[in-house]
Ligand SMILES: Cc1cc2nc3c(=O)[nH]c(=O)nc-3n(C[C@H](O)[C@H](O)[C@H](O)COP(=O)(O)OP(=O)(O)OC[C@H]3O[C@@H](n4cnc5c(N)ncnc54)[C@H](O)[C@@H]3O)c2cc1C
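Okay, so here's just one chain, in structure tokens, the form predicted alone.
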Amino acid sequence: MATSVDHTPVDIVDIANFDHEADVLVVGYGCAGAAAALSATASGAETILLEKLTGGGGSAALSGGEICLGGGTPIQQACGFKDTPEAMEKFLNAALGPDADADKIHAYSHGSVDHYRWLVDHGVPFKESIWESPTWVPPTDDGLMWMGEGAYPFAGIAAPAPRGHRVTSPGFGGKVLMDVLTQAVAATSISVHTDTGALRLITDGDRVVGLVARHFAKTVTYRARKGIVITTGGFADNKDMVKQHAPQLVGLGVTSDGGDDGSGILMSQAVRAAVRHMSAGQVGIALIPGMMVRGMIVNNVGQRFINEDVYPGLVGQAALYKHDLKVWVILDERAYEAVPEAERWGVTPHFVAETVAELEAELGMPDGALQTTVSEYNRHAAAGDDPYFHKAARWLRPLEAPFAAIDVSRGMAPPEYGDATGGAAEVFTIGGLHTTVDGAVLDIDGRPIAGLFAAGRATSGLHSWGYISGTSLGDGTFFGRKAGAAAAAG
């Protein structure tokens, strides 16, 4: 792995004295770091929270603010939905990919209502209302949204219930979440050291006991009497790591604050930490879900490849890993007009034609390919059926002239991003350190590394090769709490 930073651990015998000392050190001030620090402090531990940038927030602050919660939360109940931990567990096991962490999913699902209360008790706001249509982020401040739970195949696996709990905000809610958690941290005895980037872990035999960091031009050392929690995020901003572990993400836009450099993973690997699912990534494909669900998505030879009402991140993964993002959204005028303007994010059709044959020719598809797809789709949609991909009847109707196509490769941008337009997709990594349910980092032999814990995107959390919005903020805060408590216990 080519890197300009030496992550080799330092033996404690080479440290003359420590500049700072605490029971627990938390490295990284995003949602996982904030939750870990709050939990460690609530457990009675003296805690220092390190952040390499000038303030907290991390990638969480730039997110839409959805948190996957369920099992019968007050928001679900207020909106008229019944849910159980068992149904949530079945859904997540199916949606988060093969080899998703069943133990973590069980703990998360059965602790979800308690975690909702923890968030609310710390001031995180949720509104008792639901947004019903497929979208990345609702144009309203509704507090509940669907994440594909009612779509095939998940509706047949677990009783459907919406689990996307959205932090109340007029736009993206991640900044509100981090503002609240930052205020909660400030109200405690937690010592926050900003502009301080961790470089190397310090070991005493087989135990991690501290770290070496850089504060501006000065090297500083920290001792952790009980434990260190790594919450430094993923590695999507580290081009070398992406090239090595997840080459299909190379060259794509990155959803992060620019600091997902993999440093926490590399420091931990230097003390024999194991990693999992490093090739997996979430793919935020550049399309409007409300348009896609009312029409269809096809590859470059005019074939559908997934049910369009499923969670759009799963569409993105299928589009990238199976079709190299060479995909088109096909719809008609009625479908386009049915999407409220606030949901369109400025996206307009790139090609319009009176016939499917004309549209097919403009897109450079094989003669008859798109015509066959639309003909078959329309034939079955007229009967309210989709035998190919099982899209729900709610979204089925025959497409009518004039027809339109949207080239996903041209990109788009949500209003929060201003006029900037990205490419076909923005991604982040979802693999990382192998941890237990309580956040202990495991070594390459499957044994816990004494004194070392982790949470958030620095870890391989709930996911393997699947992703649902809200399982980053949810995973990070839930398992951040667990890691902080475990580190405080020593």
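From 1 onward, residues are counted along the sequence shown. As the structure is a prediction and not an experimental result, all values here were calculated from the model.
This protein has a second form, the form predicted in complex with the ligand, left out of what is shown; the following refers to that one.
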Point to revise | Interface residue in the predicted complex among Leu433, Leu50, Leu462, Leu69, criterion: non-hydrogen atom within 4.5 angstroms of the ligand | key: Leu50
Review point. Given that the ligand is left out here, which of Thr196, Thr373, Asn307, Gln76 has a heavy atom within 4.5 Å of it in the predicted complex?
Key: Thr196
Check your understanding: Where does the ligand sit in the predicted complex: which of 86-94, 377-385, 257-265, 361-369, heavy atoms within 4.5 Å?
Key -> 257-265
Point to revise | Phe154, Arg163 and Gly466 each touching the ligand in the predicted complex (heavy atom, 4.5 Å) | key: no
Exercise for review: With heavy atoms only and a cut-off of 4.5 Å, decide whether Leu452 touches the ligand in the predicted complex.
Suggested key: no
Review point. Can any non-hydrogen atom of Ala40 be found within 4.5 angstroms of the ligand in the predicted complex?
Key: no
Review point. Is Ala32 close to the ligand in the predicted complex, meaning a heavy atom pair under 4.5 Å apart or at it?
Key: yes
Exercise for review: Evaluate Phe172 for contact with the ligand in the predicted complex, applying a 4.5 angstroms cut-off between non-hydrogen atoms, and reply yes or no.
Suggested key: yes
Exercise for review: Scan 43-63 and write down, in order along the chain, each residue with a heavy atom lying within 4.5 Å of the ligand in the predicted complex.
Suggested key: Leu50, Glu51, Lys52, Leu53, Gly57, Gly58, Ser59, Ala60, Leu62, Ser63
